[in-house]
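Listed next as structure tokens is one chain, alone, in the form predicted alone.
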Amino acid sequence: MPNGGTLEQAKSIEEMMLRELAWLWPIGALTLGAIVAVLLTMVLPRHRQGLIGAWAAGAHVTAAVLAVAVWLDRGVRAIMEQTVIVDGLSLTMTALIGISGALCIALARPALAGTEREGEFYAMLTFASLSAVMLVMAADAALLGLAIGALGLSTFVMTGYLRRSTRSNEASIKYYIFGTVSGAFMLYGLSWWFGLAGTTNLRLIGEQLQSAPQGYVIASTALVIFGLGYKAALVPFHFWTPDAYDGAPVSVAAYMSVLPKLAGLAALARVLTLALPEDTAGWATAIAVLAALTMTVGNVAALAQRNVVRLLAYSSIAQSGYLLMGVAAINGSDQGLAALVYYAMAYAAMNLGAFAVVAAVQRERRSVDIDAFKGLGRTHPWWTVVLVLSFLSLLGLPPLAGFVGKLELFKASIDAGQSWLAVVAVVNTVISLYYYLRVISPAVLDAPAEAEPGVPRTWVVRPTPIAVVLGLTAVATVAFGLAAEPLLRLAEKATMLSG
């Protein structure tokens, strides 16, 4: 009988896992994409490794399509003994990670074509996207720790891709050291949660922490926020960001400014609502203060930057502060999560568009200093259009996507009783006007830096990978703002399961 019972139990578990595999199709697409990319790297010659990029981009798009298919066909549920949660939030973020990852591959292709480790880069980027998806879906402390560690390792390798560059080496080492330390702090905090609750399931941890000593709960929560805050570039865990973005290839900076950041913020929203329900230990106020600090430090530090990559690095820190407003409002307003999801979609479009213009300028003018953007409107009007749209949307000017996103975040903060945070965000938006216009002005008004009297105006757009990224992000930035209602309804459906 014992053996029969064991066999029946094993068979039941096997059947359950087979039934639940359908909810993991997006994860399977990225897993297969990463594995096959590694195998192709070993067999394809250097001049054919662009095919690996096409494969990796296809895997990202497939994951996005499958995320939509799962939501429409299967719905949402907690699976694998509530270790993984496939809900509106995780499926929306998976689709966003898939599309954004494919755009980053297209952005990287012109700069990496023919380099000795091109295929490895695409494989590593796909592995990073897989880790980001797992981070968003994690409902278990052990899986959370594994996902953030894998994401940190893969993005560290990508940061140091230019291994003959001392600046790239310095950036990757700083990123690695800070990531290792913050990851260790996070794991230590998760071990406290396990010790207090006796389980790694975040929902069950939440039930136990409500009766645990307040001091232990606050200390362990601070350690967990350290790890996720590092990934999202929140103040005071942001110090790695400018050096890492500046030392890495521009395509890697674009990737890190969007995918790990959004995954970290979505994971933070899930972890706090599962492990600390009903505002346990007053985390909503603490996150609101963190949001105010993050947007203020990011915007003020960006004012003095002349290197546009570093300027965008500090801008992305400030944008993390705006996104964090949605997390802070989740407990007190049913608009908080929807505002976070909508602004995440808008942010991905406008920030990738800004980095695409920087990548194009760097390839042509060998510089990312503000002076390199002089006269861009006269030589490359389409690049300038995308630059202006992206920067004005990041600023929050109507009718672009950034305006609608910020408006939703402000409304969520007010609804959650955090009106002071909305005021801080408005003041910071005014501050950011200076450094965005500081790049736009010479691009639109000045003569080209080459000082040639007759620099030709290039209206013809060649179908290059960067041109594709420029076009798609510009269209999305405008369309998300003009036709915001369907996306807002989608964001409202991107709710979280309770486990």
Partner chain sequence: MISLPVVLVAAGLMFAIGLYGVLGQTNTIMVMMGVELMLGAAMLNVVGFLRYSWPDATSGAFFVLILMTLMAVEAAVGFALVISAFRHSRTAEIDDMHELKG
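Bear in mind the structure is a predicted one, so any value in this text is a computation, not a measurement. Numbering follows the first chain given and starts at 1.
Beyond the structure shown, there is the form predicted in complex with the partner chain, which is absent from this document and is the topic of what follows.
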| property | result |
| --- | --- |
| Check all three, 214, 222 and 286, heavy atom within 4.5 Å of the partner chain in the model of the complex | no |
| Heavy atom within 4.5 Å of the partner chain in the model of the complex - residue from 407, 146, 426, 300 | 146 |
| Location of the partner chain contact in the model of the complex, chosen stretch of 95 to 103, 290 to 298, 379 to 387, 154 to 162 [non-hydrogen atom, 4.5 Å] | 154 to 162 |
| Exercise: residue 319 in contact with the partner chain in the model of the complex, heavy atom 4.5 Å | no |
| Interface membership of residue 403, the partner chain in the model of the complex, 4.5 Å heavy atom rule | no |
| Any non-hydrogen atom of residue 198 within 4.5 angstroms of the partner chain in the model of the complex | yes |
| Residue 190 within 4.5 Å of the partner chain in the model of the complex, heavy atoms | yes |
| The partner chain in the model of the complex - contacting residues of 146 to 178, heavy atom within 4.5 Å | 146, 149, 150, 153, 156, 157, 163, 164, 165, 166, 167, 169, 170, 171, 172, 173, 174, 176, 177 |
